[in-house]
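Read on for two forms of one protein chain; each stands alone as structure tokens, with the labels structure 1 and structure 2.
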Structure 1
Amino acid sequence: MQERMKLPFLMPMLIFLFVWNILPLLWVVGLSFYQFSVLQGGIPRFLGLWNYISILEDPYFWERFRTTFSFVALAVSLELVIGFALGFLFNQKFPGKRIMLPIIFAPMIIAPVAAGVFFRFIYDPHWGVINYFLTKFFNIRLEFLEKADLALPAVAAVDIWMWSPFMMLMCLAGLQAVPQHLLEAAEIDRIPWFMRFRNIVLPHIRPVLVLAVLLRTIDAFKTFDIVFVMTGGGPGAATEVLPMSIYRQAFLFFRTGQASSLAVIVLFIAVAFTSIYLMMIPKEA
């Protein structure tokens, strides 16, 4: 009886989720099996798995996958290190902590497009602030967004600047949950700090850290706006991540079916990372 009473209250939200999320997903998955162009229109031609086969056999796709994986690995690993260090720092009591916390969290509030434009000006080789100091003190000038070997780390630095506070917030939440009596007992027993960290702190914050890495990894795989604003995927294809390739296939070349197939592949990558998370912490989840 109670279950029947709950259903009328849940139905509006379930209908909204189906129309807003599930229906577009099913449309993209279905469209990925067809040859179709929004520009040309007409009746879609069924191809089966040919779109997926052509993508997986294309060296172009694997180059973009390596670029995306390099971007994600660089950004997320440094965000974890920086966020972990800041989390330990702000877990302590020191003067000015309440003032510094909002400043640390400020980059998370900025829109990625605005951050991309902001850093594009900072990286400018002629009047950017970084090159101003490099020229003044070291007499060198670096073209961050014009050189293939510097463009990807420069774009990743923006992502690190924006989302390291998120890692810090997750680490700080995990550290706040560590039982203080265990740390006090270990300190009384004169247990070395490394042993305290490995045996007490790390087991308690591990689920939070893994969840933070999972969320940031999935989000980094979807990074588009920063790359689009700063480099447009260039120079050449040095910063063309998979979402940028989806954009080009869909809105520049109007290959809607292939773009849908590539989007589904990116979705499966996100699902794979979620499965890895579930396998890593089966008891704590």
Structure 2
Amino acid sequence: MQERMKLPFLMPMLIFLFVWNILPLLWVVGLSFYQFSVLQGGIPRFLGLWNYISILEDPYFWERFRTTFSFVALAVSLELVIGFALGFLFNQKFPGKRIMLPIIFAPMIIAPVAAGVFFRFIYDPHWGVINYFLTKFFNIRLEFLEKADLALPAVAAVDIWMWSPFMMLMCLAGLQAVPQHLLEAAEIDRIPWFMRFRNIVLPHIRPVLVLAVLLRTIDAFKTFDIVFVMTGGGPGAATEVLPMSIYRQAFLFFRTGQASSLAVIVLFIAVAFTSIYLMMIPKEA
């Protein structure tokens, strides 16, 4: 009898997943082999691997990969450091934690669009608070989003603000998995804090941290909204990370075929990271 219910239970969701996910994926792979523009329509012309070759030969796109990886590396590494420090701090005993924790976690679930827009206001060279203090104390004024070398870190800062709490959450989960009695034993054994950390705490939280870093890497790699509202990829192409690049190619320059092949490359990178991630995740019992 159970066997009979299997299909009716599963099918609706599977069909849904197919139409709204697998189908578009196949479609984008297909498109990547054609010359096609949404704007002009018409019959797509088969190009084989030409789109890929043109992307891989174009230094402009290599520059986009570099931008993306700088963004991801900067954001994730700082998120790890800040998140770990926060996790360590909030693992201590003190009153009021129940009120503080949700406040710290809030940025995680705020819309990136809202966060991005608002940091623009804070960064503003004329009436932004940051520049007010910079002028007052250091007598400098920084055009965060208008200068090519500042824009990427400035955008990454928003991602860091939003997602360090996630690292903190993971660190807390890891730290709480460290058995209290081991720490007590170490305290009695007069083990100095760095040896305690290296040999007892770190081995316990390492698996969780590896997962957290991978997950954040994958997510930072997807970043679009913040960039879109803060800089639109500029100045020039200073903050044009790969998703932004796909968007620009497809919907500003209407090179649909080429954008699709870029999307497929991005897809492959994401799949590679995801596979690593899936290998790391503890297997179902």
Partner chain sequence: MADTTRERGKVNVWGVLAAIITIAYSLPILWLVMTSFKSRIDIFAVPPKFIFRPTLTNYIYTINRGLFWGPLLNSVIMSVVSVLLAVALTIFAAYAISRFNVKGSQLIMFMVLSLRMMPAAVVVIPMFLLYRLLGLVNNYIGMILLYAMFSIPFSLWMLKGFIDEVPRQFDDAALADGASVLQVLRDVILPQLGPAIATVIIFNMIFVWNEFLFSYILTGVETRTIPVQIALGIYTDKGVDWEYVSALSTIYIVPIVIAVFALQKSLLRGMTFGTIRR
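Counting starts at 1 and follows the sequence of structure 1. Whichever C-alpha set is largest while still superposing within 1.5 Å between the two forms counts as the rigid core. None of the values given here were measured: they were computed from a predicted structure.
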> Only one is the form predicted on its own; which?
Replying inline: 1
>> Does Val129 move appreciably between the two structures, meaning a CA displacement of 2 Å or more on the superposed rigid core?
In response: no
>> Is Ala185 displaced by at least 2 Å at its C-alpha between the two structures when the rigid core is overlaid?
In response: yes
